[in-house]
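As a starting point, one isolated chain is supplied in structure tokens, in the form predicted alone.
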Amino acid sequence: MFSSLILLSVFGILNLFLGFLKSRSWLLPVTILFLLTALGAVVLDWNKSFYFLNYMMSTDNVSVAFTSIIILSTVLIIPLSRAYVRTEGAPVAEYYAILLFSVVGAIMMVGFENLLMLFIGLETLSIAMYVLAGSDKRNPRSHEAALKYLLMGSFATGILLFGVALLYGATGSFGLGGIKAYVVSNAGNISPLLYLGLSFVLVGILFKLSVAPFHFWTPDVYDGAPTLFTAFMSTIVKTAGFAALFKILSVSFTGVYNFWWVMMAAATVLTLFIGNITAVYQSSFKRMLAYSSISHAGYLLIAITTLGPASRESILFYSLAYSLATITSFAVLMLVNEQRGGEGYTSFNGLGKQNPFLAFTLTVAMCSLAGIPLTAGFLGKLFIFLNALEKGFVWLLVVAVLMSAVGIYYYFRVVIAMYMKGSSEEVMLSDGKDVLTTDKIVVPGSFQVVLAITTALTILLGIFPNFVMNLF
């Protein structure tokens, strides 16, 4: 992982210099090449375990697996940026460089062994997201999204840092190993500072994960930010955040499990309820995906709350399944919005007849997010639910199953629009204009490749999950 951090940092700087060239058409393939090179460097670290940066970071199979998901997701999202490449005056090289720097922050969140490194990685990722959320200078909603994210993110960062300071005051160490040693050696006499510090640290991380009641920024930021960067935000940030949350709790704080599981369980129930119920009332497909992101944070929290031997594999598999389906959803949304000019459900009317390939890929994605069998999302939920059942959290399992049933309703609204609404039906878009949805949506080659890969992987992982589950 050390080599991938160095490579991505250097590649990000190179991208900035490439922006001085007249032709921007090859910035996209070069960025993908940079990411694939970094992915290759990560894979070479498989079955290796070592510390680096003065024991502040480490490499093992778990960090390699999560890092691979992060880079793979970025590789699949980057080709969707063709509209930005063609936009006159758009700082494409800067966009790509910021994305590469944000991946560096995400990798640091996956492999940290010191809370200071967690903070640096989290802020590297967050600052990049603040900038990208407000990158559409002509859209007031983008400005609003960036401002809300920046202000609320700054407060969350302050809370996180305060928690880190309290943990250092209680244990005398920023390292995960040192904190664990303190918890184990003082099992019957743990300082209240540790409990308070852990609570603040969890609040800071849960904010980044869009977990209720710290989710209020998510719908507005996801809705206002450019769709490309929303796709990045809802996949990479969530994968890195849950990898970090799992690591800090499973390594250092298993000795105080009876303290923090109550907080996690309450946040899980609240997140599942708010995310799913509120998504039902959304008329915008993009805003629905924002609340969908909140609800899936709740499912991943179940694996954290019911921490056990299978939690690691469950989080890894679910993160991959969720990322693939979400990238597919946002890719189709980008095409529909670009060529039909709307983000509401009605913008998808008749898509099944006009473009069967596009409708099929979105249907598979919706089935995966809803947890329908023969998709990766179904097995992702199944593994998490089985883990909860084995740990005796039957009541939490009941809540999750009920909320999954609610999810089927709003995920299938877009499927109904694609296959059961007439292509010549008059619809009203979000801007209040009546239009006829008769235009056939053209799918560029880059989108076709990405959608084919994500859809195929969603189905294959739904049939052959052992490829991921047996990694460790």
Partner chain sequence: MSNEQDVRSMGGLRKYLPVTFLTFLIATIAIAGIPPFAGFFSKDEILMHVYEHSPIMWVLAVIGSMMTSFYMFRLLFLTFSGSFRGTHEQKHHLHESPASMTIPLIVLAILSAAGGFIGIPEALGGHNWLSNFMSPLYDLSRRVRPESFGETHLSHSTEYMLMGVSVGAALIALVIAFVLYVSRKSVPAPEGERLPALQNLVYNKYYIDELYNNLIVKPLMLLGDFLYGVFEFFVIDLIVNGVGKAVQAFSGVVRRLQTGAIGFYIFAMVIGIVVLLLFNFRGFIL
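Bear in mind that the values here come from a model prediction, so they are computed numbers and not experimental data. Positions refer to the first chain, counted from 1.
Same protein, other form: the form predicted together with its partner chain, not shown, and the subject of what follows.
Taking the partner from the other structure, its partner chain in the model of the complex has no heavy atom within 4.5 Å of any heavy atom of residue 181. At a distance threshold of 4.5 angstroms between non-hydrogen atoms, residue 263 is in contact with its partner chain in the model of the complex. In the model of the complex, residue 69 stays away from its partner chain, with no heavy atom inside 4.5 Å. Using a 4.5 Å cutoff between non-hydrogen atoms, residue 168 does not count as a contact of its partner chain in the model of the complex.
The three marked residues, 200, 214 and 259, each reach its partner chain in the model of the complex, with a heavy atom inside 4.5 Å. The partner is absent here, but in the model of the complex a heavy atom of 151, alone among 151, 127, 251, 161, sits within 4.5 Å of its partner chain. The contact with its partner chain in the model of the complex, taken as any heavy atom within 4.5 Å, belongs to 219 out of 350, 219, 226, 121. Looking at 271 to 279, 339 to 347, 69 to 77, 227 to 235, the stretch with residues near its partner chain in the model of the complex, meaning non-hydrogen atoms within 4.5 angstroms, turns out to be 271 to 279. Of all the residues from 388 to 408, the single one having a non-hydrogen atom no more than 4.5 Å from its partner chain in the model of the complex is 406.
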